[in-house]
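Given as structure tokens, the chain that follows is alone and in the form predicted on its own.
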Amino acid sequence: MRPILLSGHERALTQVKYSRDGDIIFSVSKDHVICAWFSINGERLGTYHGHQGALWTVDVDPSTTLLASGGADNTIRLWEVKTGRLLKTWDFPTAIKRVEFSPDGRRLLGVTEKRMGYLGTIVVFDIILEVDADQTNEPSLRIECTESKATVAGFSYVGKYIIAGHEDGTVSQYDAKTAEQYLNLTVHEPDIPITDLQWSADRTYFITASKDKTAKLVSAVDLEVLKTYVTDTPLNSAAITPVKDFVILGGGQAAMDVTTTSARQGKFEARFYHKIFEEEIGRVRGHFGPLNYVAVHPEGTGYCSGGEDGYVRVHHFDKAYFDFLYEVEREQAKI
């Protein structure tokens, strides 16, 4: 599995995202620039310029028409994917840590940072899916996180719930129309932040990653923890693979916490676990720093990771990956 190395960023990567078809990868980093790449060969399609600070997050709507980004310049920006044109800027009092489109692309969620007397909030904007449409200025929904700030959030199946992961290790479930909170459960170790939340293909369950060195598979309906994946390193990201029953975890000791500088020591590998059996089945090395984000191709044919080293690494799975079966799975295949 020889990776394609994408080097278009000058600073650490913060998020990478595939388009719905999987043909384009969008990447953001602390260098203020959004890059778009062809996933098949790693060729750069273009860049989006306008942000004035480090970028934390990016998402693309299901039709790959609109791109949303958020960062330390306290703005969420909406772009036309095809031309790189800036369509709309929403201003906030604090930084934006996460943006995500709803499954139908008609709503856009943003998570704001808790700072300088401002509470962390989750805001939702109604989006008109036309490029030249006059987008609304005010959010249609606002959730204030009074207990503990949200670090990640997203829409569940058919946009029914908003699920948020918090700094204190809890996960909350809100009604996506009324903002009413239904559930708030401690999923990870108390007071250890949840660093990522990514969905299964049908959005009925999701995976969370945490600095407590575990990833958890959680049901969107009742927030029941279905599976737990234990590692020996703080995690920054976790993704669920379609086609095969695997999950991919990424993380690593932050550079300032590592006593020696070898990549082995920092454990900078993408780790593959079996989704059902919770066992580690393999690792992919390559980054020279922690993996800050992992994303899986929507058709399950590969994955990419963004690292603290400023590189995006794109992997296309080879035949051995698809042929790999546990003994139990082999037995079932015979039946």
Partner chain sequence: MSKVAGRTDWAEEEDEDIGIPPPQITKNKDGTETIVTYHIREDGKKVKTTRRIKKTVIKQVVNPRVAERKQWAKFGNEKGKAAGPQTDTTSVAENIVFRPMANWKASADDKSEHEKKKAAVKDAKIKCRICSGDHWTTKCPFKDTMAPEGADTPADLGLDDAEPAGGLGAGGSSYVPPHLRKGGAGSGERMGGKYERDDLATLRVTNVSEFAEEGDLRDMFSRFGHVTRVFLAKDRETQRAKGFAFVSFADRADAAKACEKMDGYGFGHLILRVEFARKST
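Fair warning: this is a prediction, and the values are worked out from it, not measured in the lab. Residue numbers count along the first chain shown, from 1.
Not pictured, yet referred to below: the form predicted in complex with its partner chain.
J.: I need the one stretch from 78-86, 120-128, 162-170, 104-112 whose residues put non-hydrogen atoms within 4.5 angstroms of its partner chain in the predicted bound form.
T.: Partner-contacting stretch among the options: 78-86.
J.: So, G46 and its partner chain: in the predicted bound form, are they within 4.5 Å at any heavy atom pair?
T.: Because a heavy atom of G46 falls inside 4.5 Å of its partner chain in the predicted bound form, the answer is yes.
J.: Might I40 be said to contact its partner chain in the predicted bound form, defining contact as any heavy atom within 4.5 Å?
T.: Flag for I40 set to yes.
J.: Please tell me whether any heavy atom belonging to S7 falls inside 4.5 Å of a heavy atom of its partner chain, as the geometry stands in the predicted bound form.
T.: S7: contacts its partner chain in the predicted bound form.
J.: Does any part of I281 reach within 4.5 Å of its partner chain in the predicted bound form? Heavy atoms only, please.
T.: Yes.
J.: Give a yes or no on whether each residue among M1, T64 and A320 has a heavy atom within 4.5 Å of its partner chain in the predicted bound form.
T.: Every residue of the candidate spot has a heavy atom within 4.5 Å of its partner chain in the predicted bound form.
J.: Within 152-180, which residues come within 4.5 Å of its partner chain in the predicted bound form, counting heavy atoms only?
T.: If the 4.5 Å heavy-atom criterion is applied to its partner chain in the predicted bound form, 152-180 yields nothing.
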